[in-house]
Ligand SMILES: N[C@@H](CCC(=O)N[C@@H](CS)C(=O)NCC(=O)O)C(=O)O
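Shown here is one chain on its own, the form predicted alone, set out as structure tokens.
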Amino acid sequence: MAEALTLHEDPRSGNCFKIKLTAALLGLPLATRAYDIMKGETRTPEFLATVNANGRIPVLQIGDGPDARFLPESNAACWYLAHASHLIPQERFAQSDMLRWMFFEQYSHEPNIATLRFWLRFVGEANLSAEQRAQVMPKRIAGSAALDLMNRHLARSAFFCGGSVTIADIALFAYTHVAEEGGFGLGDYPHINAWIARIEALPGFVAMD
């Protein structure tokens, strides 16, 4: 991949980490530009006009100058980086199964586990609104159900799509390995812990900032 790659990120974000980990496992050079979402740095007129009109990160910038292209959404960026690599299976069902787990991550996993991590670690429980406090227990129940499903799947498979790592593993790893920061006890999930160790042992692995 010859294009210059730049990740617009907040280093504390698991969604941003997915892209950095994908690039690292593939040996792809990736520049970064950091923003503090707590200070509204992705909501400035310049960011909205040039990087992402949705005001969110991560965004993968492909190329430089007037011809640069900007790709929001973490899993889309991981797919772009991993195209035609060993991180995407070639067999049709395996590839579809990989996408199934990536959709699961965005629908059932990230909205609960990542949200509670953000609220508890960065916002602070005392600063939550009444509406947010009312959502804590439902999100904890849903997040625990997602972890339980993952744990049962990993009891019979080393990775989510069989015997080798794919971007589905990267997508799920990002917020799972820091789930305790959202109040989830990973000690209850031995197969998840073994999988985390396998991911961290991969050649090229980089830790989250």
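Nothing here was measured: the structure is a model prediction, and the numbers come from that model. For every residue, the number given is its place in the sequence shown, counted from 1.
What comes next is about the form predicted in complex with the named molecule, which is not displayed.
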Consider residue 30 of the chain shown here, and say whether it contacts the named molecule in the predicted bound form, taking contact as heavy atoms within 4.5 Å. no
Close approach of residue 74 to the named molecule in the predicted bound form, 4.5 Å, heavy atom: yes
Can any non-hydrogen atom of residue 162 be found within 4.5 angstroms of the named molecule in the predicted bound form? no
Can you check whether residue 56 is within 4.5 Å of the named molecule in the predicted bound form, heavy atom basis? yes
Tell me, out of 144, 42, 151, 61, which residue has a non-hydrogen atom within 4.5 angstroms of the named molecule in the predicted bound form. 42
If we test each of 106, 132, 95, 85 for a heavy atom within 4.5 Å of the named molecule in the predicted bound form, the one that passes is 106
Residues in which of 151 to 159, 66 to 74, 164 to 172, 180 to 188 have heavy atoms within 4.5 Å of the named molecule in the predicted bound form? 66 to 74
